[in-house]
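Single chain ahead, by itself, as structure tokens, in the form predicted on its own.
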Amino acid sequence: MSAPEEFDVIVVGGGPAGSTAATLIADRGHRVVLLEKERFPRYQIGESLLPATVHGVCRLLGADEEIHDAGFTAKRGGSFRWGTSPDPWNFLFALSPELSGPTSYAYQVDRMTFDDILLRNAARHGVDVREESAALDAVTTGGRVTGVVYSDPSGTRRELAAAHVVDASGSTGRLHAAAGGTRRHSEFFRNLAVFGYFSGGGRMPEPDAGNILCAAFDEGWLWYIPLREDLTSVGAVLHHDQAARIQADREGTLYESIQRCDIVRDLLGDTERITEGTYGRVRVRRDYSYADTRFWAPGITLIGDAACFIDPVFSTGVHLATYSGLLAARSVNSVLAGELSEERAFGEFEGRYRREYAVFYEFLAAFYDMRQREETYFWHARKVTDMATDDVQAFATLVAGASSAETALVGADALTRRFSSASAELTGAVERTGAARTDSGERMTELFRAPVVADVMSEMNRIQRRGAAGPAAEAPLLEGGLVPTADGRSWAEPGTAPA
């Protein structure tokens, strides 16, 4: 190979995590190259966004107007047929004190379009985007990652050198091992998703027609995402012991799941599944939750699915991806400017990232543990109180260092009690809130009072508020931690950042 090309930063992966990090680093004038193994636009799952991504991160990226103009379906929250009530209930973005107003919605997006918007936006911000360029290996010099070997569109091996590498290559990428950690999977969240697309289908009553619907049934749960008037994404999330059944007949398993879930069955009616083109396949994905034990090492940072993944019932995938891209960009910019040491800047990155992962994990564990019919196997398998000690210990490892759960990580019994308490709080809050089509179902006060919900909303609210209202003085999120600078693109010590 010829001498390596030199950049300030190499970003591997052109999804939302990589595009976010690359854009925000290039905005500071650094030379950034982004390697993407595919040619965009390309298919991807993970179609339901949260407001913090739309109104916070995308506004910071300068892509919010283009996303608004793309015509994606607006959603004002999620509708759930979950728990003991036979009626759907809502989790709305609009009635939180922090989220009320013109930014109280998000979008359902086809990822081919959404991801392509973010990648082209990165190029416009000065990022050298190289598609059909697959990263093969990390280059390490003296215990530090100093570059990447990749294959260009002609198949020729080339080498890049940089002060820092950001790995956003997803769950199947090759570089995460260079951070020196190991990937720990959760036994609690080991699901399989089988999904396809339908040409239309019914919608929830207005004003909830754009909401994602998550509906539980005896073998798992179904998502129902209204992507466009003529396109609906439907997927069944099943226990991992259904793997052989899914492998034997994907389409049959999907249809059988729909038939067992009356609300989704009725919405689809006679709507036909799309059988040709991009949306014509019934796909399967392992939705196993995991986290690496290290999110960074000298010269390399892991973001998005390269670092961790968590069950998709609350549409967390793109949020964690763009959030981690934002955190990584702040840390890279601070180190390249000589303002902070790597340990200080990336310690903040990892602390905040693990905290966000942990609060969602705890929320989702409580959500899965909500009162269910005891005869259903899937829900019995998800009961927090049935967690094996090994699984609790694995969870403690996954979220080690997370501020929200730190005091609880004293043993399996304490953590199980914490989860059970959170589940009871959430169940009570949903029951007091009431069904979607009632006055109380339009008020989220009870839900937002539940501590497990407040924890999961707090950092998202900060990001959304900054995007909507501009920079404002923030207190450190972590004890002894840093705060964002006024432009949101790097870190500062508390008391030193200009308002």
Ligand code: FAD
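Because the structure is predicted, anything quoted here is derived from the model rather than measured. Heads up: residue numbers just count along the shown sequence, starting at 1.
FYI, the form predicted together with flavin-adenine dinucleotide (FAD) isn't displayed, but the following is about it.
Asker: Only one of 336-344, 200-208, 248-256, 306-314 gets a heavy atom within 4.5 Å of flavin-adenine dinucleotide (FAD) in the model of the complex; which is it?
Answerer: After filtering at 4.5 Å, what remains is 306-314.
Asker: With the cut-off set at 4.5 Å between non-hydrogen atoms, does I225 touch flavin-adenine dinucleotide (FAD) in the model of the complex?
Answerer: Yes.
Asker: Does any heavy atom of A134 come within 4.5 Å of a heavy atom of flavin-adenine dinucleotide (FAD) in the model of the complex?
Answerer: Flag for A134 set to yes.
Asker: According to a 4.5 angstroms non-hydrogen atom cut-off, is S154 in contact with flavin-adenine dinucleotide (FAD) in the model of the complex?
Answerer: So S154 does not count as contacting flavin-adenine dinucleotide (FAD).
Asker: Does any heavy atom of E38 come within 4.5 Å of a heavy atom of flavin-adenine dinucleotide (FAD) in the model of the complex?
Answerer: Because a heavy atom of E38 falls inside 4.5 Å of flavin-adenine dinucleotide (FAD) in the model of the complex, the answer is yes.
Asker: In the model of the complex, which of the listed residues (R158, R183, R111, H125) lies with a heavy atom within 4.5 Å of flavin-adenine dinucleotide (FAD)?
Answerer: Partner contact (heavy atom, 4.5 Å) among the options: R111.
Asker: Which residue, A216, A193, A291, L327, has a heavy atom that falls within 4.5 Å of flavin-adenine dinucleotide (FAD) in the model of the complex?
Answerer: Filtering the options by heavy-atom distance leaves A193.
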